[in-house]
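Only one chain is shown below, in structure tokens, and it's the form predicted alone.
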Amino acid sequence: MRVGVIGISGRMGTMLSQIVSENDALVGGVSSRTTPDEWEDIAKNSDVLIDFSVPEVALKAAEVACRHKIPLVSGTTNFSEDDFARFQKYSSDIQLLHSNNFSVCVHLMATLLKKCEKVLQDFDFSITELHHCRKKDAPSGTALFLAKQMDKSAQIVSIRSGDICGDHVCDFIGENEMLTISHRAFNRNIFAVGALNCARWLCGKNHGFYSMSDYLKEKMDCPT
């Protein structure tokens, strides 16, 4: 599979390009210095684009992918509601998959949270998320994704420190006891591998908007 990486100079883009080079063909990458002609050349020679960038770049990636009729996988977070609505509309012309997190375990965690909420209806719910000090968005896209799974409101605490790859701690707090469900990413490899697996899966699909949950439901028979 020939892959173009959007946001190749970032932390996730760097990791992804290494993983792609080991298993597939890295066509090239887009950074802030990429010219319009280079954008077109990368898309023209790619089977799929994988994006870990910022919203304005992700929107451009979707536009370019539509022009060349190739799938796009995106892990970009921090979209405004209007920008994300614009982003989703490109799925009418291409296969477009977006996820705030490409870890299988995070999506299993979301399933557990929904099951726990049904039983612990009188408990308060909070999320503490920790990431490296260079991460720009807070709360993280993953924290917002987990909170969205719940019917009850969630208090979210964001911590930016050191080189933490990604910790998410979810607490159900009752009068006499507390249940904690947590996930810790040891390195960014899991996100790169997850995005690449989604890209392989997406290439065989019809035009439309997909999520990591769609991939897991079909490929791993995993509850979502």
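Numbers for residues come from their place in the sequence shown, where the first is 1. Since this is a predicted model, take the numbers as computed values, not measurements.
Below: the form predicted together with a small molecule, not depicted.
A.B. asks: Flag this candidate site as yes only if C105, E129 and N189 all have a heavy atom within 4.5 Å of the small molecule in the predicted bound form; otherwise mark no.
C.D. replies: No, because C105, E129 and N189 lack any heavy atom that approaches the small molecule to within 4.5 Å in the predicted bound form.
A.B. asks: Go through V169, V57, V193, V27 and name the one with a heavy atom inside 4.5 Å of the small molecule in the predicted bound form.
C.D. replies: Among V169, V57, V193, V27, a heavy atom within 4.5 Å of the small molecule in the predicted bound form occurs only for V57.
A.B. asks: Heavy atom to heavy atom, is S9 within 4.5 Å of the small molecule in the predicted bound form?
C.D. replies: Close contact exists here: in the predicted bound form, S9 approaches the small molecule to within 4.5 Å, heavy atoms only.
A.B. asks: Even though the partner isn't displayed, in the predicted bound form is D137 close enough to the small molecule, meaning a heavy atom within 4.5 Å?
C.D. replies: The answer is yes: D137 has a heavy atom within 4.5 Å of the small molecule.
A.B. asks: Classify P71 as contacting or not contacting the small molecule in the predicted bound form by the rule of any non-hydrogen atom within 4.5 angstroms, answering yes or no.
C.D. replies: Residue-level check for P71: no, no contact with the small molecule.
A.B. asks: At 4.5 Å between heavy atoms, is S53 in contact with the small molecule in the predicted bound form?
C.D. replies: Yes, S53 is a contact residue.
A.B. asks: Using a 4.5 Å heavy atom cut-off, which stretch among 111 to 119, 150 to 158, 72 to 80, 89 to 97 contacts the small molecule in the predicted bound form?
C.D. replies: Within 4.5 Å of the partner lies stretch 72 to 80.
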